[in-house]
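Single chain ahead, by itself, as structure tokens, in the form predicted alone.
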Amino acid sequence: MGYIREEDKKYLRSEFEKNLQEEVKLLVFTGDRCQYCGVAVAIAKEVAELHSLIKFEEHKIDGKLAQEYGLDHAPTVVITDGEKYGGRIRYVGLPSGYEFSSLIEDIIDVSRRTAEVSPEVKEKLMTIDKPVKIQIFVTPTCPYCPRAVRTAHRFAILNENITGEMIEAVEFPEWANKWNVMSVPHIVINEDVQFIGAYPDEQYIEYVLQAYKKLR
């Protein structure tokens, strides 16, 4: 028995058939003594089986590619084209619960090689020319978290200097405690600027710019 219900598979096949345009790689980075790695691999395989443009790969978290992408926690799921996006669109921990919808929407955006934001937000976004990492602490039962994750990932799709990293707070409590995560979504940008909540793009980008300007 799989993790995705048959009725959901039918819906996803239809959505992928309508929306996928170019190949997408679904990479799962696993490690030893990793409680959730098997589930992450199984979910990714099931998604990949739904359309020929989705390619599944499993890699080790201590391997060369993980080092290249700057990954050190397992499981980590990366959605990429293998070149342009590198390892910048990532899920550290299971993309389960409400976050499964984010995973699907990210696959579609990466396949399209673009994401939707307003012209005003895009203009501000494209001024960022130094590395900015947006980390979003979430829990699977948080209905507001996918919006915060998707915003970071859309920004990362549009600007190669941005990395969007979802972190499942329950799976990595020490990491969450480091930033005093008490409620989610809790966003940390460049380990400097923080805010809590699923803000609209127009407010979200201002926090990103605040962190970016501290690099100058």
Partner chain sequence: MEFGFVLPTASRGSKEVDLVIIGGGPAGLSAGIYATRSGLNAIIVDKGNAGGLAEEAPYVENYLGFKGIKGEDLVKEFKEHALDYLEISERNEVKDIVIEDDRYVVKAERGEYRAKGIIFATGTTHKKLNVPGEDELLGKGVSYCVTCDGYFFRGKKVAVIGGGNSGAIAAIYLRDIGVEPVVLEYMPKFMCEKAYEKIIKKREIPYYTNVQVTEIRGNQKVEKVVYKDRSSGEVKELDVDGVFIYVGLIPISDLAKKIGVATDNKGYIKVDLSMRTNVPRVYAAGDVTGYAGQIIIAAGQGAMAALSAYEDIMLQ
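Positions refer to the first chain, counted from 1. None of the values given here were measured: they were computed from a predicted structure.
The form predicted together with the partner chain exists for this protein as well; it is not shown, and the discussion that follows is about that form.
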Within 4.5 Å of the partner chain in the predicted complex, do we find a heavy atom from each of Cys34, Lys60 and Leu125? no
Taking heavy atoms and a 4.5 Å cut-off, does Thr139 contact the partner chain in the predicted complex? yes
Residue-level question: is Gln67 within 4.5 Å of the partner chain in the predicted complex, judged on heavy atoms? no
Find out whether any non-hydrogen atom of Ala169 is located within 4.5 angstroms of the partner chain in the predicted complex, and reply yes or no. yes
How about Asn161 - does it come within 4.5 Å of the partner chain in the predicted complex, if we only consider non-hydrogen atoms? no
Partner contacts for 189 to 204, taking the partner chain in the predicted complex and a 4.5 Å heavy atom cut-off: Ile196, Pro200, Glu202
